[in-house]
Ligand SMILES: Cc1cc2nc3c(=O)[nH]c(=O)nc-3n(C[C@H](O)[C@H](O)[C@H](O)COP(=O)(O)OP(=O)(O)OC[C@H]3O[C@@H](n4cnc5c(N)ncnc54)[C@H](O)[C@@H]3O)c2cc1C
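Next up: a single chain in structure tokens, the form predicted alone.
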């Protein structure tokens, strides 16, 4: 069966990968000239990479880890020490660690919280633990029901005080969803906590050894092509073509550089685009359907990713860092964490600015200046005094609509991969799957879309005489 997939991000490529595993023939169509979608990366004029986001892998990403194994590239994940590291703004230049011992879950994470005395008092630790008990005992069903609350309201309901929110949950919320606790659905951080508490290495962090485009997406493309699939760049979707009964009859691809438009036909069709560019593509007849009306309530969140190259080592820490800054979310010195970006003498800090709603339209110069102000607080030894670190160059990557904005109540409107249109499917982390808007969620959504297509194909496939006799 031939399947046309719009979008060569992780969701679209994962969908194609699992379709070729089932013997189908996917053709992936990407509007840009680069693979990866929300994990895309580019080289600058000096040959240095810059990325759409700070892409971090967790031990609680089973589908992603399995994908690496199936592609034979699991050695490209550079696993770090099992710890979570937070800056301490009240003590500039210092860090607080939650070192997770190598013992069974959930005792490993609980032990890391008990041992940390920098951020929480014993009273706060107790309230924190008691507040999390419902999520631990009652599981994912309880977590999903908490979507009706924003995280701040849920924390107050559980008696978890403001200090725990300011010290831990603001940082976690911005890192996971790019928005603050008073906006984010309580289900999102509770889902992450549930995973961390259930899996021994769930909170362990890995970085890719190079750019996601080359080290993850390209192997997926090679795998797909080797098994009969296709991947085409510079193939922007112009229209989803339908017949009188609303089934898809083709993808109209816009011709570039004077070329004519082209119609791609298939047996089934998948949108693996983010929800925002998908909305205006919906055929008019579909827009009256409740399924798509609910989906259209979702929207992407603004994300800004910064890359700052310095003339010296700013930090030797080989790990993800939670800044606890009002402007910045998480960051890492990629010259330490990533093999391809390694430099023993200089630093390249990659930082996420969140929430970015008030910054997305500002100039790169304003954004960099504000970030440098925060770095002076985080690293006073390098950015104050006479011998200051010199910023050699910078890149600002703005994504006006990234992963879906995980507001309270949005979990219930996330669409399934199977749609009311019998030959049209969805993939993307905004669709229903047990992980949040993440790389894991994107890969899982692609896998689920491929599974739905394969099941529908088998159900619709006519039984030939030999099959019928065998069944008897």
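This structure is a prediction, so every number in the text was calculated from the model and none was measured. Residue numbers count along the first chain shown, from 1.
The same protein also exists as the form predicted together with the ligand; that form is not shown, yet it is the one meant from here on.
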Whether residue 61 contacts the ligand in the model of the complex should be assessed with a 4.5 Å heavy atom distance threshold; does it?
yes
Although the partner isn't part of this model, could you tell me whether residue 407 comes within 4.5 Å of the ligand in the model of the complex, counting any heavy atom of the residue?
no
May I ask you to check whether residue 338 falls inside a 4.5 Å heavy atom distance of the ligand in the model of the complex?
no
With a cut-off of 4.5 Å between heavy atoms, is residue 432 one of the residues that contacts the ligand in the model of the complex?
no
Does the ligand come within 4.5 Å of a heavy atom in each of 153, 184 and 189 in the model of the complex?
no
Please pick, from 237, 160, 332, 170, the one residue with any non-hydrogen atom lying within 4.5 angstroms of the ligand in the model of the complex.
237
Contact segment among 418 to 426, 24 to 32, 42 to 50, 66 to 74, judged by heavy atoms lying within 4.5 Å of the ligand in the model of the complex
24 to 32
Stretch 35 to 49 - residues with a heavy atom within 4.5 Å of the ligand in the model of the complex:
36, 37, 38, 39
